[in-house]
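Shown next as structure tokens: one chain only, the form predicted on its own.
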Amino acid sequence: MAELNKVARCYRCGAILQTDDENKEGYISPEIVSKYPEGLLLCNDCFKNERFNTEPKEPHFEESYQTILEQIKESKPLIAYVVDLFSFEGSFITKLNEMIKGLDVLVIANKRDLLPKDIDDEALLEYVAHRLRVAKLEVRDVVLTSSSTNYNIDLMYQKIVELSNNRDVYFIGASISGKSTLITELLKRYQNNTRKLITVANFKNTDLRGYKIPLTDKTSIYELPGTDIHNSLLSKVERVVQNQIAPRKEVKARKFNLHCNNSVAIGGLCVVELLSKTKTDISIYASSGVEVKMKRITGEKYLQSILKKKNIKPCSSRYTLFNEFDAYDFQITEEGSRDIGILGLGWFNFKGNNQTFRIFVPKGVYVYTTRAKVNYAK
């Protein structure tokens, strides 16, 4: 499987650390690296400050959300698990998956409208099924939806009624999944044949609240608040930039041919550099509000240029210095069509061939690699 390697950088100046040449930027004594292999390191020119990039972590999981899930497991309800097809890795949360194992789960893969129309639904269903197999999460069914275009909303409601089998239904999912919009669309089609009203439920032992929609006289659909994703780029930039990087219409591939030490900027928020000598075709999937440009320079130089000139959109006023960015090296050992994604921004697709990519992103943003969502790599 692919290897994700930490890239050590000087905490003070942000230079990538190296032990080969004392006259080049970022030099650090090999003895220091050997003595503190997991420490916060600094180059020989900067001695008073520290900087080291840590491996990206999975999304944060709130304690109150966990409390609710523990309580409802006793009644064995149907779980309507909403995931975001565009930002799948950010909405498919390992701890949440573990907590709902053993329950009946209907997976609702939302935002179908954001992916290219020429992708067959069966291919997307197979991608979701693959991710479920890897997570060892058994589910009753999967349905693709779009709350923006009303795609398969009727089918979703039909599946809920069919699989609930006179049990309560709990809608769960990340805040980015579009769960609340799905509930709104469901209510437009909903017919209340009970003697109960739609209300807002207070969940026991928490300060969380959500819709309670009568399904039968004895059962209801509950909407749990979305879990926050603290390592998504969307949570780290100002509102005007959020509006530019969050797609609202079909995302189309932008294709580039990368050579060694060539770099692609995805807005002013991510730079991708190919370190290996194997030239690679990549297809970038990001909002149309995000400019994508390629330069025949290293990623470090390209990012420094962008931060200085602000000559690509969007740039964030919260990230103006080079050492406010993390750097990660991805060594790809798998063959076939692969993705590397930046949570909240998008991903790029390529054919695995023992490449190594270096990715620069704002500190704390989750970067990942996975089997291709869209099999366009040739």
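In case it trips you up, residue 1 is the first one in the sequence shown, and so on. Because the structure is predicted, anything quoted here is derived from the model rather than measured.
FYI, the form predicted together with a small molecule isn't displayed, but the following is about it.
Only one of the listed residues (L114, L186, V143, L303) places a non-hydrogen atom within 4.5 angstroms of the small molecule in the predicted complex, and that residue is L114.
Contact annotation: of the candidates S148, T206, Q71, T194, the single residue with a non-hydrogen atom within 4.5 angstroms of the small molecule in the predicted complex is S148. This chain is displayed without the small molecule, yet in the predicted complex the stretch 175-183 from 209-217, 277-285, 292-300, 175-183 comes within 4.5 Å of it by heavy atoms. For S91, no non-hydrogen atom is located within 4.5 Å of the small molecule in the predicted complex, even though that partner is not displayed.
Contact check for N110: a heavy atom falls within 4.5 Å of the small molecule in the predicted complex.
Looking at K76, you'd find every heavy atom of it more than 4.5 angstroms from the small molecule in the predicted complex. Looking at R133, you'd find every heavy atom of it more than 4.5 angstroms from the small molecule in the predicted complex.
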